[in-house]
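As a starting point, one isolated chain is supplied in structure tokens, in the form predicted on its own.
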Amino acid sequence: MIFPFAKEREQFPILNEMTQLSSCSQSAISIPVKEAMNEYMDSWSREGMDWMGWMERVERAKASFASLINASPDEIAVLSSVSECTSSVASALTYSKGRHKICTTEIDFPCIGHVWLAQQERGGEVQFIPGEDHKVPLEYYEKYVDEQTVVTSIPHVSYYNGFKQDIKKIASIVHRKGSYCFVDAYQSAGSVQIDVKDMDIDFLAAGSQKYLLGIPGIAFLYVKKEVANELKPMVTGWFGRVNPFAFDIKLLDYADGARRFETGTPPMINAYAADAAIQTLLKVGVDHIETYLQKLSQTAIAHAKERGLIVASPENMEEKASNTAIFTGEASIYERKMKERGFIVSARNDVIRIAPHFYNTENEVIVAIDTLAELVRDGK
């Protein structure tokens, strides 16, 4: 396979020393991201405070993320984590007897389930849609989502094995039942094409540190403009107000659009990093990235099977993203051993996740799997 991103790869200097295949957990740092963070530090050192300049960069980060998912900037809120994004949305919903049910899945990341379970104190009834081999059959959404469901919360891509769901079809099902559609895109944004308008998503949350090439501490929440102004989140803060700088402690008004879901002071340096990172993705093109990563997925699955490893990920490329999960048992031990050999991978429970990004080569994937196979054969 011809490697199409040789020039872009030069922007990730760690790859000269290590093979980083951990984008499902933390991507490699790029020179533009590091420079953006230094730009913030320089402004702080030079000017002491540049509030307007810093806030301008936050708005730029919003606009960059909006471009990535085909939204408008006023449909994007900036928060600190996907947990906070989900909590802000959950707090804005009401759980009445007519519409009190929350459908989420057993393959969601735990924090998502925790947020929805917390709504039981407010009258919410949580229904966990079961998985089969860490996948959710499409027909289960027809079965479990009903006319009492207020929100259906789903991962675009499973953190465990890279299983990718058909969001457009799921959204059509749940909307027919009268439910909102909430999507956790932490494991997809930046590696899988997302069009929130075509997919008809009501809420979408994604953090920066994985396939978005950024750092922890910042997350983006998309709220469809037709939905946003109907809701009043109880998880709130001064940036959710019409005019944060009015400093009116007795006035609880809500800004228009997604900004009403914001809470406190946004993470400035994280926004610098996120904007630079997303600009890299926009220049490369997520369509090109997704096509390339599908080829790496095919290589990873085929080579893992050749080496006698057991693959936990789907083999159908239509339902698989970049992450290829391989059963090892005691995965944290293998993660440490792999790093000692120069490979940064990510453990989850009983699997090692090989999660390349566009800057990785096919040979890196092959050699990483060879190394893992040797460790498994030798019993760690």
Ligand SMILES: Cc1ncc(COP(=O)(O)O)c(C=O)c1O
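As the structure is a computational prediction, the values presented were derived from the model and not from experiment. One rule holds for the numbers: they count along the sequence shown, beginning at 1.
Beyond what is shown, the protein has a form predicted in complex with the ligand; the following relates to that form.
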Open item on the list: Taking 4.5 angstroms as the heavy atom distance cut-off, pick the stretch from 181 to 189, 164 to 172, 70 to 78, 280 to 288 that is near the ligand in the predicted bound form.
Closed with: 181 to 189
TODO: Heavy atom within 4.5 Å of the ligand in the predicted bound form: which of Ala92, Ile269, Ile194, Val82 fits that? Just give me the one.
DONE: Val82
Task: Arg348, Lys337, Lys320, Arg57 - the one with a heavy atom within 4.5 Å of the ligand in the predicted bound form - done: Arg348
- [ ] Using the partner position in the predicted bound form, report whether Trp238 sits within 4.5 Å of the ligand, counting heavy atoms only.
- [x] no
Open item on the list: When the contact criterion is heavy atoms within 4.5 Å, does Tyr159 count as touching the ligand in the predicted bound form?
Closed with: yes
Task: the ligand contact in the predicted bound form: Cys111, any heavy atom under 4.5 Å - done: yes
TODO: Output the sequence-ordered list of residues from 287 to 325 with at least one heavy atom within 4.5 Å of the ligand in the predicted bound form.
DONE: none
